[in-house]
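Coming up is one lone chain in structure tokens, specifically the form predicted alone.
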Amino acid sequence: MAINIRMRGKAKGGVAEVKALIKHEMESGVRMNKKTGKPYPAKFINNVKVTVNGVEAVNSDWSGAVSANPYMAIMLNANSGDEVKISLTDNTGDTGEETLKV
């Protein structure tokens, strides 16, 4: 299943602010199901990559400690017309990718 990402951003003076809203349940695997007594299976984003015109700008590792449907805002060295791409992978192998021209 693909991870849904909504992005917005704008550039000014060689710096771009990019905001992303990621739709993902971010289940840590620690929370218990009250009816069955068993933990919910872990399902969380574990890698986030951001590129500007194909050049990697950010590569971060996340964990189950990040909240559900995370919001991310970053400042990047980019000009108007540059292409910013966010790529995500979760611990179950699901991926998501979105591209934005700032």
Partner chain sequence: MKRRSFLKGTLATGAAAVAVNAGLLTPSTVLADWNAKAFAAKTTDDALNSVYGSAAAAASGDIKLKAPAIAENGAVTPVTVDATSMSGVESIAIMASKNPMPLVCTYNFGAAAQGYVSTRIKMGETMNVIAIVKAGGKLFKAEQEVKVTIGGCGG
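Numbering follows the first chain given and starts at 1. Quantities reported herein were computed from a predicted structural model and do not represent experimental measurements.
Only in words, not in the display: the form predicted in complex with its partner chain, which the text now covers.
Remark: residue 64 counts among the residues lining its partner chain in the model of the complex, judged by a heavy atom distance of 4.5 Å or less. Under a 4.5 angstroms non-hydrogen atom cutoff, its partner chain in the model of the complex lacks residue 94 among its neighbouring residues.
Not displayed here, its partner chain is kept clear of residue 35 by more than 4.5 Å at the level of heavy atoms in the model of the complex. Residue contact with its partner chain in the model of the complex: residue 83 places no heavy atom within 4.5 Å of it. Contacts between stretch 58-78 and its partner chain, counted in the model of the complex as any heavy atom lying within 4.5 Å, involve 58, 59, 60, 61, 62, 63, 64, 65, 66, 67, 68, 69, 71, 72, 73, 74, 75, 76, 77, listed in sequence order.
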